[in-house]
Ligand SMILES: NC(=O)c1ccc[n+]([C@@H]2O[C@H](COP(=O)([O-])OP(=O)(O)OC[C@H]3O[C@@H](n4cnc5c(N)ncnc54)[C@H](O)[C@@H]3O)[C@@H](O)[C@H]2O)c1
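Okay, so here's just one chain, in structure tokens, the form predicted alone.
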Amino acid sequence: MKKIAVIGSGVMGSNIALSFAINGYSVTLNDVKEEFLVKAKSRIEENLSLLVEENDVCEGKKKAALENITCAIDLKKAVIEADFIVEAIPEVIELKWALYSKLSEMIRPETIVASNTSTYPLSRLTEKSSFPEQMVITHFFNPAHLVPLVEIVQHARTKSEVIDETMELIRDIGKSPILLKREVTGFIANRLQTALMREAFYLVKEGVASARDIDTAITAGPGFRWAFTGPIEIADFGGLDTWQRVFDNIAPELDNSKEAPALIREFAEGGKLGVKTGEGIYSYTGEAVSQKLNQQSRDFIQLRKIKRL
């Protein structure tokens, strides 16, 4: 595989394109408006500049990555020669079905089409697709050019060679792909995140500790270990007999609600949506948000360097 097409140039799409381009692949980035592509190209250049500042890549590699990316509004021009297509458009099933219908008239029989969806199972995406055997899900995590994980989801009609080629491609761009053996709502990482966040918001609501201290309990505790050791291996290290007692003692007391935490619902209904409105559980200013995101990216770059060792 040499030629990649990314459909959708938002934050996820542009950074997925960057992930391929910086590793030597020829990428065509497609969107419906020129202004979207201009903004995406600027975002990509800013992210590359930060990588240079952090000595993660050199100026020459930045230049080569930018040269590897072509922008195109014409969908057919973007995908006609692609070996691998990543669909990263909004999470609206009708939009995705309409796109796949168009692609059926444009792509080659050997082209792999991957959706970056975090919402829909592959069996749902392929309901109105004429090429289900060529489709997979490649679920990247934001920021896609820095977070190693990519969840690969198949379904009953996906060809085995499509899975093999996708896994190989994702590894080749420096990612850590994991393969789901069957479809499950939320895939793996978001199910784990949701379980943890449900309990975190419950503890805030119950007044057990401040939101900041609860966040610190994760970043300075389990999160520190999780960067290198997953929860199942941690159970092995701690002793399964010990963890049996932990579960028996704590599990009955955990929040078991079946919907979004009341605190999230309360803030959302009040228009306090977090960073996007300047206030959520925490308060934000425009400058503080920018600085926080910038520092987060720098921290991710340094962590990625450590994990390469």
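Note that the coordinates shown come from a computational prediction; the quantities given were computed from them, not determined experimentally. Counting begins at 1, following the sequence as shown.
What comes next is about the form predicted together with the ligand, which is not displayed.
Listed residue (I170, A88, A82, M135) with a non-hydrogen atom within 4.5 angstroms of the ligand in the predicted bound form: None of the other options qualify; the answer is A88.
Partner-contacting position among S176, N142, T185, S160 - heavy atom within 4.5 Å of the ligand in the predicted bound form: The residue in contact is N142.
is_contact(S9, the ligand) in the predicted bound form, heavy atom dist at most 4.5 Å: The answer is yes: S9 has a heavy atom within 4.5 Å of the ligand.
is_contact(R198, the ligand) in the predicted bound form, heavy atom dist at most 4.5 Å: R198: no contact with the ligand in the predicted bound form.
S123 within 4.5 Å of the ligand in the predicted bound form, heavy atoms: Output for S123 is no: heavy atoms all beyond 4.5 Å of the ligand.
Touches the ligand in the predicted bound form: H155 (any heavy atom, 4.5 Å): Because no heavy atom of H155 falls inside 4.5 Å of the ligand in the predicted bound form, the answer is no.
Candidate stretches 207 to 215, 160 to 168, 110 to 118, 232 to 240 - the one whose heavy atoms come within 4.5 Å of the ligand in the predicted bound form: Only one stretch passes the 4.5 Å heavy-atom test: 110 to 118.
Members of 22 to 40 lying within 4.5 angstroms of the ligand, judged by heavy atom, in the predicted bound form: Counting only heavy atoms within 4.5 Å of the ligand in the predicted bound form, the contacting residues of 22 to 40 are N30, D31, V32, F36.
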